[in-house]
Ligand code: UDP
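Starting off, we have a lone chain in the form predicted on its own, written out as structure tokens.
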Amino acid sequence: MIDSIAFLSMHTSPLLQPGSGDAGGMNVYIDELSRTMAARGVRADVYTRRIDPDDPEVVEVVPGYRVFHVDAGPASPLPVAALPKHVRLFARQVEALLRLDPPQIIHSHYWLSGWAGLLVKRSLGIPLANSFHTLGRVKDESRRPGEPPESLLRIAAEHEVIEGSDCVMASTPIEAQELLEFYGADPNRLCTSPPGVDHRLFRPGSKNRARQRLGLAAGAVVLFVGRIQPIKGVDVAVEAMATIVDRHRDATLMVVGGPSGPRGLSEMSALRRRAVELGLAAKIRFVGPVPHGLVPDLYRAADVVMVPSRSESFGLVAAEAQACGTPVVATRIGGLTDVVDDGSTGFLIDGWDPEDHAEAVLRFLDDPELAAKMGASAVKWSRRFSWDATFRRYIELYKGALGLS
């Protein structure tokens, strides 16, 4: 029986609001996974780096789910590029805590935590599972022209974590294939399990009432939800609006999320400038991050959700939007090819040509019946992503890593 798990999330805490800084889908994933484990009697302790001197040592989120703030480097936010030099200290601090109350298994998230998890495993002999969420070599394959490649340190660390983990977790079969193709992962230690969606929160509802609660005027609403950074393709959505507005003068693009990563602020500035250059300053609303509990109303209020990412191991925004009954236009890449049922719950677009993405969005705006039909299909399709199913699968995988029947 699995009754205790240590989750490592060095670079970002599940307590942070998604859409700001380095907080995004991974934060939601770890929080929901921990809540699910705790609700089913499995103790879930999350270890993250302290970024505020006032952060308490331990936060009990719900009974059975705690977040530990670990001192590793200055107690302030740091860019990911500055964190590798603090990995060994983070690992030593986690190791000291785990010696007092060892879990049955460690499940690390992202390459930095995987590196730390590998050090803890070697010291304490506790089996290690790792979820990468994004892969450096995969990001390099589709990065925007002019963007710098991922560091060689990251690539080397990913290879080492894959080699040393007892179970490497992939969110989709596509990610599993990428781990095999780009990293030569051992298929016997490669495990696949998609994240879930909280269907109590993300469910269909009245578009009109959602728009009233959000204070939105009449007209078509195109929605982007995610962190503002080049990999998320917000620039594609902004450029696409020039074509969309030509046919739907009342259309508005809502961009929900804040700057993230080393180029986040410059990306936000560039997007605002481009909106002005295109004459779309009044048609594009930069909303900033919102609490996760308010996101369902945004999905319900939208006519279509755009996910023009350049890399996605899963695509939680697409899964959540579909659960709310809103069709999706996304890039045909990574986990999005598994999350979106092309032609049934939305459209997948090859590449990042704004015209191609715009034409797919216009198919929904021009044909509300098509949007309603695909929205209904999206709700049914989204039921395959549930935290109950994720829990059962993870317990099965953890048992495999521990050699339990």
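Please read these numbers as outputs of a predicted model, since none were measured by experiment. Residue indices: 1-based, along the sequence shown.
The form predicted together with uridine-5'-diphosphate is left out here; the points below concern that form.
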Is residue 227 a contact residue for uridine-5'-diphosphate in the predicted complex, using a 4.5 Å heavy atom cut-off?
-> yes
Is the gap between residue 358 and uridine-5'-diphosphate in the predicted complex 4.5 Å or less for some heavy atom pair?
-> no
Answer with yes or no whether residue 18 is in contact with uridine-5'-diphosphate in the predicted complex, where contact means some heavy atom within 4.5 Å.
-> yes
Going by a heavy atom distance of 4.5 Å, is residue 365 a contact of uridine-5'-diphosphate in the predicted complex?
-> no
Answer option from 128, 329, 238, 295, heavy atom within 4.5 Å of uridine-5'-diphosphate in the predicted complex | 295
Scan 106, 317, 94, 222 and let me know which has any heavy atom within 4.5 Å of uridine-5'-diphosphate in the predicted complex.
-> 317
Counting only heavy atoms and a 4.5 Å cutoff, which of 308-316, 86-94, 272-280, 157-165 contacts uridine-5'-diphosphate in the predicted complex?
-> 308-316
In the predicted complex: members of 49-64 within 4.5 Å of uridine-5'-diphosphate, any heavy atom | none
